[in-house]
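Only one chain is included here, represented as structure tokens and corresponding to the form predicted alone.
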């Protein structure tokens, strides 16, 4: 595998980036980005977001044997519902799917857009052929929901990011007895003033379980005179109580540097919805570049744990 080294040597970029662009899609789209990725039957399954020419988003599917070279299915995987209770709240598009392996199924957490704002939809699949929409699991305005891979203390757990103007946009933890009804929420990580994520933070990839705790790869935003910059960071949460933050790395792990991350539909963006942990404790990290293309890089569980512990900052 050919990689090039990121400046702080936490994430190694794949030399073949971008791994997907609109030119790889067999139907007409304007972008390819912000994909959820998971391993299923020794294949990597990618559910990517695309803008159509009208500006609204749909979800496509691609698969790969090695996690780097993907083949796109000839038809979209999910499009906004046109009938039933979901139609009204998906009218403006669906996007940014997180694929969360949980028990014997894959939970698909996606943002649904309509005139009512942004809600989180929850769907499920067992084979990436049939999809069942279960419920909307938030009111407006919520984004970036990732669900843990199993119950903790007999409750499902998720990270989420509500929108509010009263405090900086922060990462929260919430709990559920049944995946549908969520509550007992509390804020766990907030932006830090005049740091790389001082504008807002939000969950990125579904949490990764390690012997030291849950790794939480998240995005952070810094506003500049020429616009916002989206970067990626990492935090570590307690295994039995994810609301307890063990460490938040003070430095980012990835920032826009490549041409396809610096320029595009939304410039200066690396945005993740997925990280696949392998049996040898390497991690394939996937991100959208400038809201236009899909990219991948590699890191390790040890590297991320060391990054958290070497220079940590307060979570709140």
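Given the structure is predicted, the values throughout are model-derived calculations rather than measurements. Positions refer to the first chain, counted from 1.
FYI, the form predicted together with a small molecule isn't displayed, but the following is about it.
- Interface residue remark: residue 143 is counted as part of the site for the small molecule in the predicted complex, having a heavy atom within 4.5 Å.
- The small molecule in the predicted complex comes within 4.5 Å of a heavy atom belonging to residue 266.
- The closest non-hydrogen atom of residue 90 lies beyond 4.5 Å of the small molecule in the predicted complex.
- Although the partner is absent from this view, residue 160 stays clear of the small molecule in the predicted complex, with no non-hydrogen atom inside 4.5 angstroms.
- The candidate stretches are 22 to 30, 269 to 277, 249 to 257, 39 to 47, and the one lying within 4.5 Å of the small molecule in the predicted complex by heavy atoms is 269 to 277.
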